[in-house]
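Consider the single chain below, provided in structure tokens and representing the form predicted on its own.
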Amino acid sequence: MLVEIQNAWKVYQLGKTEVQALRGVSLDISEGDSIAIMGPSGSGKSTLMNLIGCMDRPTEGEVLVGGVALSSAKDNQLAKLRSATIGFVFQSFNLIPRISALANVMLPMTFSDRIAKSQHAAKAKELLDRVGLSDRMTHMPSELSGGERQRVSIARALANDPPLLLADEPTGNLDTKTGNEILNIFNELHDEKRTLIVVTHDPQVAEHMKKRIHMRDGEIENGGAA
């Protein structure tokens, strides 16, 4: 099992107010799954994504990613786990504005020893070519359209060849045509047996995933994926 979530709670203390962002969530994610996490704002979608992405730890319960228990892992272990296992794609792209598309894709490789430094540029060029940006590699993010920036973001997410891709509203800032092009790239990645987890409000995006999880008030409705 790639991800195991066992009765996970996440509680935040905001002043005197206790916010239960997740309330006893349990979920198993197998290698090769493609899952859409849906629900209204405040339902716990992003909190769940942060736990799966090793960006946070549960207050109670346990989350295991690649067999590593987040509650007991040290910060440097989690950093290595994220680098080796997980690629992130964000609604707002999160590219570094002062460096080129090529340099943005190379950046995650500098935090990993999986790819020799002499191969970083060649690997980044290969990934940008794959997402259709072979002629835009030297452009800065500000010189790219929204769809092109999201393609760079996907190429960057693939830099260390992770088995798990997490995408938070990946088409939220894109027009319908461009969004569909991005979803077609995700379909190709899933065909390669990568595991995809997408947070989305859009039912059309969710239709591209094999399973759908509906959240409300920090809980998974109906007990799991549909």
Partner chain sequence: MKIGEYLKLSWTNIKSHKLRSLLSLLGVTFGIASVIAIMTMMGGLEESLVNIITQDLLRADTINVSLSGSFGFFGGDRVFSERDVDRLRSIPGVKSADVAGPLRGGALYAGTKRLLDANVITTTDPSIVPLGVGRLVEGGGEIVLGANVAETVMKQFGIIEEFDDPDEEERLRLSGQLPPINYEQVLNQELRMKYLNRERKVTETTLTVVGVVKESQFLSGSDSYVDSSYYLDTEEIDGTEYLVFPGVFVRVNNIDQLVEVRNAIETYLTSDESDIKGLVGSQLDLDVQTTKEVVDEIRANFVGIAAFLGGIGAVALLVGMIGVMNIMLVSVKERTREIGIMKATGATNGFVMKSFLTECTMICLFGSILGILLGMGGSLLISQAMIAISSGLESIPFVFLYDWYIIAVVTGLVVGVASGMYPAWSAAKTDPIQALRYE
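What you see is a predicted model; the values in this text were computed from it and never measured. Positions refer to the first chain, counted from 1.
Missing here is the form predicted in complex with its partner chain; even so, the following discussion is about that form.
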Please pick, from 92, 119, 71, 145, the one residue with any non-hydrogen atom lying within 4.5 angstroms of its partner chain in the model of the complex.
92
Residue among 50, 178, 43, 34 with a heavy atom within 4.5 Å of its partner chain in the model of the complex
50
Is every one of 183, 195 and 204 within 4.5 Å of its partner chain in the model of the complex, counting heavy atoms?
no
In the model of the complex, which of 23 to 31, 196 to 204, 164 to 172, 54 to 62 comes within 4.5 Å of its partner chain (heavy atoms)?
54 to 62
Does any heavy atom of residue 75 come within 4.5 Å of a heavy atom of its partner chain in the model of the complex?
yes
Hey, in the model of the complex, is residue 149 touching its partner chain, heavy atoms inside 4.5 Å?
no
Can any non-hydrogen atom of residue 110 be found within 4.5 angstroms of its partner chain in the model of the complex?
yes
Any of the heavy atoms of residue 85 lying within 4.5 Å of its partner chain in the model of the complex?
no
